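Starting off, we have a lone chain in the form predicted on its own, written out as structure tokens.
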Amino acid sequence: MSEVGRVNGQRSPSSEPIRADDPIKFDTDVLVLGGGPAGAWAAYGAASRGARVTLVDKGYLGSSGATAPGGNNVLYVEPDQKLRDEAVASRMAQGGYLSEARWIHRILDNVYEQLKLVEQWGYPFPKDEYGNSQRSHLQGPEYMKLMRNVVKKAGVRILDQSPALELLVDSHGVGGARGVSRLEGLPWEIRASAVVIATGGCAFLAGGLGCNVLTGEGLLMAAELGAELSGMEFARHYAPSAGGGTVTRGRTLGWGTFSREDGTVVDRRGDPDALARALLDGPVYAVLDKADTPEKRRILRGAHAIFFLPLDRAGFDPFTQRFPVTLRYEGTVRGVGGIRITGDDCSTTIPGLYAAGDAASRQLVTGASSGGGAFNAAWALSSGGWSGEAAAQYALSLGRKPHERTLQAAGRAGVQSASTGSASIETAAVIKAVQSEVFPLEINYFRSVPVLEQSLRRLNALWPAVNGAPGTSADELLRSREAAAMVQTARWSHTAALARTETRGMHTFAEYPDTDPRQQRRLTTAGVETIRVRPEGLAPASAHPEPHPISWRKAVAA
């Protein structure tokens, strides 16, 4: 492995000061930020409508993100009315009745048709004994490799290793983005008539496989323009994994018996918090003893081979020997919150700005509870396609071209000093401080009002630290922006959680253990410096909401 910042012994361009005098600049109709499944579907959707499309990704389209390295269940239900109605009713109940049946039916209809298209493109779905395709599961590596090829064939221009850092805006709305090319050590500016944010959620660099590119910059970029968020209080998902491993796999570990250091069995029957409670007391171990036949073990290994790799390398026989387990925080990736969707086309409150995948709030479909797998994969596929198609229609309907607009960059924290002479952003220290507020089970899993209030005060105190001077290389600039986005995402999540004084779906409060029927409504979160929370559809609680200096509304007023 190469030393960080070096390639073949030489310093890589991403670690050198950015050559600002030679930027990459061009125009496009639709700019897609993010190269996971939602971004790929958005790019394909826009290109299939005749738009010129550019996709930029922090990593590599086809291998970065949470989907690519693993297996993914997909919400696939045959068009049988009874089956569909049961699926919708089940989801509505699991989500605390904050989702909308119409949206869930839209997802079911869309996924059914689009997976047939995926098969036509060449994905090898397994067949049953009658020759019928089994389309309820996608293997990430094959799926995303296929999507990269589909996007390229559609004529989409792809910039890998080119993270977006800030949006461009004028009085008409969003107008493109700026970022850096880590391959060339150059800044880029891409002007576009429409932008789709598909940068994923925020996993706070918790170390989950494929998730360390998911640090919340898309949410921060949108909020800097004045976009609203929704469902941020439902960011309380922790997934079990082998201790020291990066693969979270609750279903595989469901074949195990968990026990404490002294061998006492952790009884998890009917108690979803049993593992978390046991981990507060000390180490917990698992052995996959419920896979008690060679056939069961073969199936488990075949379904999730990557889960077993670190255990095999460490010399464990996970079916007969205990191995340590932990809970890994997954933030908004398997939470619910994200940019609030305001239309069937995945538009937002900002003209020309669309959101898809985990960057968008999934409340319309998942309500108050998400988790991994089926619904998230279906949401990525559907919201990506819908947003891309709508972005293309919007862009092609505009008479003005991107190069004719007077655009300004909207980024602040992590990309621009708040004042001349500001101290450098200590990114490593900031990131560690954020993680100490969102990872601990005693803060963010077993939530209580006074503990969360104290945590939020510490997070608010961190905010000035990410408004200092960013670094001068692409790597440093990206890291400072990631740090700012993580601080802000945690502030949004804690603030929204404190506003929901009940227990519903993923969100729990020790002081409010019951669901309150009066709070059966979605919460909207907005603001960067000052954060405001209000029930969706109602006026902001603050009589004088803070206008962000670069919001598109201010640009309109100017």
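Position 1 is the first residue in the sequence shown; the rest follow in order. Everything numeric in this text was worked out from a predicted model, so none of it was measured.
Heads up, the form predicted in complex with a small molecule isn't pictured, but that's what we're talking about next.
Q: Please tell me which of S382, N72, N444, S99 lies within 4.5 Å of the small molecule in the model of the complex, judged by heavy atoms.
A: By the 4.5 Å criterion, the partner-contacting residue is N72.
Q: Heavy atom within 4.5 Å of the small molecule in the model of the complex: which of V438, L459, I190, A377?
A: Residue within 4.5 Å of the partner: A377.
Q: Pick from 290 to 298, 194 to 202, 427 to 435, 80 to 88: which stretch has non-hydrogen atoms within 4.5 Å of the small molecule in the model of the complex?
A: That would be 194 to 202.
Q: I'd like to know whether D29 contacts the small molecule in the model of the complex, with contact meaning heavy atoms within 4.5 angstroms.
A: Answer no; every heavy atom of D29 is more than 4.5 Å from the small molecule in the model of the complex.
Q: Is there any non-hydrogen atom of T495 lying within 4.5 Å of the small molecule in the model of the complex?
A: Looking in the model of the complex, residue contacts with the small molecule do not include T495, since no heavy atom lies within 4.5 Å.
Q: Since only the chain is shown here, I'm wondering whether P163 would be in contact with the small molecule in the model of the complex (any heavy atom pair within 4.5 Å).
A: Contact with the small molecule, yes.
Q: Hey, in the model of the complex, is E217 touching the small molecule, heavy atoms inside 4.5 Å?
A: Looking in the model of the complex, residue contacts with the small molecule include E217, since a heavy atom lies within 4.5 Å.
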